[in-house]
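Just the one chain here, laid out as structure tokens, in the form predicted on its own.
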């Protein structure tokens, strides 16, 4: 029994040290003013359109978005490209379709109903092209990572030289916001990397914010509708509470009068 309590004490001590170590290593994420936060939060249409531009010109060569269709780009609550713009975007991609009447596959220009074209044919091809690492699908990436939008926003700006004494394998990079600080994706953003069609200056911070906003939308496309519904529910509950209060007050006034 004595040995048992000594072992338990030792385990507790190690656990406390581990927790303290983790707390000490925890890095606070960068924060910014997200338009979609809060009860009345809405997506910034300009940011969504710029975010799609960053995705298409920088991210889409490695990362897929298999749950998003080109028609979504023109839908209300999203980037709200015009229908003609969305059609032009879809048509700029070649889509494998078929089989045709001869039993053969063929390629055609993309249509609004098509999902975003995948950068690789399969997972093995993606790993082979990226040194064994599989670039995650970005459709719901914001929701799949702890820290959400702040984490993605920080990660894109967190590349630094490794601290003294740390050695990195070939193809591995240091990022102070990455879990474990090691990431196989190199720094993809640099000032002026893209030329925004609306004239916005394409700084690393701006591109990080825009692509993160776009990824937030792809992960939660009905966010604005949910916020509107939540606001209506709150108003309804307030009105109902007031009515119930006055009804109860009237009922109790009758009882007190009778007594």
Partner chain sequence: MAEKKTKRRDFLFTATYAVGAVGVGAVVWPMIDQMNPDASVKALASTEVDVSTVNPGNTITVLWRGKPVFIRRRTQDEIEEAKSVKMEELKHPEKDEDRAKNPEWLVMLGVCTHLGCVPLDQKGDYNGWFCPCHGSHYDISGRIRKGPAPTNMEIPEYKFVDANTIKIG
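Positions refer to the first chain, counted from 1. Every value quoted in this text rests on a predicted model; they were computed, and no experiment measured them.
Omitted from view is the form predicted in complex with its partner chain, to which the following refers.
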task = Answer with one of 113, 107, 92, 186: the residue that has a non-hydrogen atom within 4.5 Å of its partner chain in the model of the complex.
result = 113
4.5 Å heavy atom contact, residue 176 and its partner chain in the model of the complex = no
request  = Mark residue 182 yes when one of its heavy atoms lies within 4.5 Å of a heavy atom of its partner chain in the model of the complex, and no otherwise.
outcome  = no
